[in-house]
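As a starting point, one isolated chain is supplied in structure tokens, in the form predicted alone.
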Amino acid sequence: MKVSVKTPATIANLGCGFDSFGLALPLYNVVSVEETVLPGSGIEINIINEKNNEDISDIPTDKNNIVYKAIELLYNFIGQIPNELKITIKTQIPISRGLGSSASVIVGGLIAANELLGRPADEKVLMSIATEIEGHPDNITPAFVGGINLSSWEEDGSVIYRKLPWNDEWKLMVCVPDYELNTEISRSVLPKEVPMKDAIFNLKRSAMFVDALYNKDEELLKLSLKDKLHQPYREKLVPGLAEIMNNLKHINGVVGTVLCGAGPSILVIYNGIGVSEIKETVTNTWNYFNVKSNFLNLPIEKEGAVIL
């Protein structure tokens, strides 16, 4: 038996909601899991890069692979060990660009393995396992259920989440640079403690963000997307980020600009106008830093992971 799961890309943080907010995009990875017929054949992991020219040679194809690690935890949950499995990962989501590629394959692998095992685990267990592997729930939750989410990884290991509304008049443009940024490196520049005033600043912005979504308040959304907990520290890792954010503020139609997760991609939220100006501004700024870019105009993916 073989089970395949298609899981969307995701963008975490959305400015003010560090490790809390995330949304799904209609760009997908597909993970297939099947039991091999030959006893003692062990674990086989194949990675197929379908739509881009990225180097995937450094992604582990043994038991160090994050998909296998997640599946192993699921098997352990039901008191089993994964002995003979073939895992195939087809990637379309750019790797190490802040678009949730790792969360996508973790979620896809878990759902596929759970289906293969006869669904011994419910959504709560799967989310908990996935978050344990990923380290935070902001990408994991929208990868599972789609849409835009507020999520929290609780002390008991459970994940609490709520889907939030989105005004479809607000459009998304993802600006993807031609280089990778490892999430561990991006997290390493963050301080272990922050000033109380900065924590309060983000707390207020997070509250504004939720209210802006429910009331479709564009002016409040503009205010809410600001951040003092992670983006200021990551600017040095993303050449041109500060300049792009500042320059886009002056373009009619731009609601706000945020770093996609740990970066280096940048998300521009706009109200449907100024597309050419946005692209030109980002292109010109990144050209100055010798960075080439690709632009994705995508709606929010509302469905999340699906079994094919």
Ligand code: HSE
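All values reported here derive from a predicted model rather than from experimental measurement. One-based numbering along the sequence shown.
FYI, the form predicted together with the named molecule isn't displayed, but the following is about it.
(Q) So, a 4.5 angstroms cut-off on heavy atom distances: do all three of Leu25, Lys171 and Leu267 pass it with respect to the named molecule in the predicted bound form? (A) No, the candidate spot makes no contact with the named molecule.
Q. Only one of Thr88, Asn202, Gln92, Thr183 has a non-hydrogen atom within 4.5 angstroms of the named molecule in the predicted bound form; which is it?
A. Looking at the other structure, the residue within range turns out to be Thr183.
Q | The unique member of Lys216, Lys124, Lys222, Arg187 whose heavy atoms fall within 4.5 Å of the named molecule in the predicted bound form | A | Selected residue: Arg187.
**Q.** Residue contact check: Ala262 to the named molecule in the predicted bound form, 4.5 Å heavy atom
**A.** Yes, contact at 4.5 Å.
Q: Mark Ala9 yes when one of its heavy atoms lies within 4.5 Å of a heavy atom of the named molecule in the predicted bound form, and no otherwise.
A: No, no contact at 4.5 Å.
Q) So in the predicted bound form, does any heavy atom of His136 sit within 4.5 Å of the named molecule? A) Yes, His136 sits close enough to the named molecule in the predicted bound form that at least one of its heavy atoms falls within 4.5 Å.
Q. Given that the partner is absent here, does Arg234 sit within 4.5 Å of the named molecule in the predicted bound form, heavy atoms only?
A. The answer is yes: Arg234 has a heavy atom within 4.5 Å of the named molecule.
Q.
Only one of 172-180, 137-145, 157-165, 104-112 has heavy atoms within 4.5 Å of the named molecule in the predicted bound form; I'd like to know which.
A. Heavy atoms within 4.5 Å of the named molecule in the predicted bound form occur in 137-145.
Q. Taking the named molecule in the predicted bound form, which residues of 4-33 have any heavy atom within 4.5 Å of it?
A. Heavy-atom contacts within 4.5 Å come from Ala12, Asn13, Phe18, Asp19.
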